[in-house]
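Below you will find one chain, with nothing else, as structure tokens; this is the form predicted alone, and questions on how it binds or moves follow later.
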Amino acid sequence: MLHTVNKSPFEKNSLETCFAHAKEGSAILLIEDGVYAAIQGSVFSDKVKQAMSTCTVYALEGDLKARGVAGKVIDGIQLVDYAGFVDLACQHDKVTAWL
């Protein structure tokens, strides 16, 4: 399953809810303000790294750049462009958006 998170973890609990429901082997894509969870050294870094032990975490590169945090991403998060986003959606049988 592909999980998308578009809300900032500093404003909503969508990221934590996603982590609680994502099963081993799932993909998690951080988009829009959700990319703030990808910042190395934030209060969410440890939770993201823990999720990365069982899930693959991606971040939309364009959204990172738009928010000025492209060079501050946690090691191991895979960056994708819009075509990569489409590929992820096609590769997974289900997509869940955490709003």
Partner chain sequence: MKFAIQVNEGPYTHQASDTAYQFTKAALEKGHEVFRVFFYHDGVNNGTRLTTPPQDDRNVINRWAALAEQYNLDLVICVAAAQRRGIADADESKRNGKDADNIHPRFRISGLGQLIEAGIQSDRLVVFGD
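Numbering follows the first chain given and starts at 1. A quick note: this is a predicted structure, and the numbers were derived from the prediction, not measured.
Note that the form predicted in complex with its partner chain isn't included here; everything after this is about it.
- The contact residue chosen from 52, 31, 70, 27 relative to its partner chain in the predicted complex is 31, the criterion being a non-hydrogen atom within 4.5 angstroms.
- Remark: residue 10 does not count among the residues lining its partner chain in the predicted complex, judged by a heavy atom distance of 4.5 Å or less.
- At least one heavy atom of residue 83 is located within 4.5 Å of its partner chain in the predicted complex.
- The shortest heavy atom separation between residue 61 and its partner chain in the predicted complex exceeds 4.5 Å.
- For the partner-free chain shown, 82, 83, 85, 86, 87, 89, 90, 92, 93 of 77-93 come within 4.5 angstroms of its partner chain in the predicted complex, judged by any non-hydrogen atom.
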